[in-house]
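Shown below, as structure tokens, is a lone chain in the form predicted on its own; questions about how it binds or moves come after it.
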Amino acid sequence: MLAVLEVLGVLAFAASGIIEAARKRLDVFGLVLIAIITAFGGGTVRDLMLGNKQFFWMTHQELVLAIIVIGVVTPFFFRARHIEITQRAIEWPDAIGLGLFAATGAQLALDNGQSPLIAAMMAVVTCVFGGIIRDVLVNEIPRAVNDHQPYALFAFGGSFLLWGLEVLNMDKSVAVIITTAVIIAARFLAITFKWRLPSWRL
């Protein structure tokens, strides 16, 4: 089940990468590169930190191929349909990827014997690092640290929800699904009602 959710998270983040690259009018190589980095960047950093010997994309190479194909085809689809890509369009697949990657990242860390705090940190790493690399490559200040939305906060808090449900002896699969749904719903609410974190100035 974790593998299935990880695949869905990869596809959601790949979509956000494709949308951002298309907004920046990158060429096809740049678009595919941004999509792959956004999809796999956070999970790769997480696996490195947890000491996993094989990265997720190495054992699921079909996903890499699928992202390449989608990345090549999508711009033609947008042009044929005259779809105008907006800044807001990237937020919805990002929200889905957030919930999926936060829950799976935290569960993988817990299964690895890590504490709830480390699991929460791994959830944040899984969700945030791909987007940070994406934004740097397209010459943007990373949204994770700049747009004042409670993005990483949902991943961090959701991890403790996951841990708490499992402490209460809930089945792991059910706990992961509930956590994923709660994080996605919270992120959708934040987008809809424009929730913002306060700015700090020295």
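Don't overthink the numbering: it's just position in the shown sequence, from 1. Not measured: the values here are computed from a predicted model.
Missing here is the form predicted together with a further copy of the same chain; even so, the following discussion is about that form.
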Exercise. Can we say I37, Q114 and P142 each have a non-hydrogen atom within 4.5 Å of a further copy of the same chain in the predicted complex?
Worked result: yes
Problem set entry | a further copy of the same chain contact in the predicted complex: G164, any heavy atom under 4.5 Å | no
Exercise. With the partner left out of view, is L197 within 4.5 angstroms of a further copy of the same chain in the predicted complex by any non-hydrogen atom?
Worked result: yes
Exercise. Applying a 4.5 Å heavy atom distance criterion, does N169 contact a further copy of the same chain in the predicted complex?
Worked result: no
Exercise. Using 4.5 Å between non-hydrogen atoms, is Q61 touching a further copy of the same chain in the predicted complex?
Worked result: yes
Seminar exercise, completed: If we test each of V128, I96, I90, L108 for a heavy atom within 4.5 Å of a further copy of the same chain in the predicted complex, the one that passes is V128
Seminar exercise, completed: Contacts from 39-69 to a further copy of the same chain in the predicted complex (any heavy atom within 4.5 Å), listed N to C, are T44, L48, M49, L50, F55, W57, M58, Q61, V64, L65, I68
